[in-house]
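What follows is a single chain, given as structure tokens, in the form predicted on its own.
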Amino acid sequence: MIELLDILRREIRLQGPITLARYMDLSLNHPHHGYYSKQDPLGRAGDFTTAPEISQMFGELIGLWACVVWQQIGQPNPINLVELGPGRGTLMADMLRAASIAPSFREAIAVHLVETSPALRAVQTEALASYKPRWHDNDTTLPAGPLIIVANEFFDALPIRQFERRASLWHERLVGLAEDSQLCFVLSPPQSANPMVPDSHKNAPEGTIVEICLAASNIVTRLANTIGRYGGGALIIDYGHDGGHAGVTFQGVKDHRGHPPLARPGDADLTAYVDFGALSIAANTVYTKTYGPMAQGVFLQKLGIRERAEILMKGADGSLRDEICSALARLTDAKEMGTLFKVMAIGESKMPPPPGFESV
């Protein structure tokens, strides 16, 4: 069997060093050898765990958030409820269960899932069979009409490019081959003008590295245009920064630990911090408005996660109470996911702020 590393070596030898975006795309999405094409990466037996897998409280609150947004935009029927990168379907299942308290909202929902992984689609099919979801390879095939979009830990896995400043000029960091034929970073020839580097970093100090994710900005622009035209809202939750950050955040993850990102392509997850500043710029149109980013812990507490935890703990035995308390801490505490993870919303400019962002 031809391994992905051999495919990458061949491409580099024939065409020269490749962009980091190309390396990420092949490593994660190659139809036969890509990381997401081969396996279910979630949970203790996988390589990482996401918030919906930690506690049902997360998905329940997001489901109620979606219900309120639907009410704010006039209760359209139908409403396309879209999840980007739905993992095992846990978040959507919890959202829809919570949405059952508003029967008219539940009846209006048409579920759409943007997912490329055959392995994860199989798991989602089992988890969400009764809701009859429709799958999409990307956002461009989503139907026209009002929509509510949720993206939890989706944008961090989109391909990025890196640029490094040397001698007052910018070079792109590419993936090439070392003398022993292992993958390594190399620099492109200097680029006297590079429009991809944000103005805020144009005159950055020597050695500065900036990461750019064009795919994320393009997706958000398309979704914002749809919201502005048809109505709706979007909620983006991920680990990241507000746009002022420079430096390397690109990393590999395997067995719940850091992994050298250029080692064993296709066998580890690859991620980078999300630039919420760039997403906010991409989402701002005449007809839309952005909110945040704010810390995930603050957002969940505004939605009532502590109150929900107290309800779940009533009548629970000691072991279950401990699990609920542990999940609450993991989702909200600053030393856990509470501060590193950020939340941003997009809404129609004419509508009131969505839940959790009323005072932002």
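These numbers were taken from a predicted model, which means no experiment stands behind them. Start at 1 with the first residue shown and count on from there.
A second form of this protein, the form predicted together with a small molecule, is not displayed here; the remarks below concern that form.
> Tell me which of 228-236, 94-102, 108-116, 284-292 has residues with heavy atoms within 4.5 angstroms of the small molecule in the model of the complex?
Looking at the partner contacts, the answer comes out as 108-116.
> Just checking whether residue 55 would be counted as a contact of the small molecule in the model of the complex - the rule being heavy atoms within 4.5 angstroms.
Heavy-atom contact with the small molecule at 4.5 Å: absent for residue 55.
> Given that the small molecule is not shown alongside this chain, does residue 153 nevertheless sit within 4.5 Å of it in the model of the complex, heavy atom to heavy atom?
Residue 153: yes, in contact with the small molecule in the model of the complex.
> Answer with yes or no whether residue 87 is in contact with the small molecule in the model of the complex, where contact means some heavy atom within 4.5 Å.
Residue 87 belongs to the contact set for the small molecule.
> Whether residue 29 contacts the small molecule in the model of the complex should be assessed with a 4.5 Å heavy atom distance threshold; does it?
Looking in the model of the complex, residue contacts with the small molecule include residue 29, since a heavy atom lies within 4.5 Å.
> Name the single residue among 123, 174, 158, 278 that comes within 4.5 Å of the small molecule in the model of the complex, judging by heavy atoms.
Looking at 123, 174, 158, 278 one by one, just 158 meets the 4.5 Å heavy-atom criterion.
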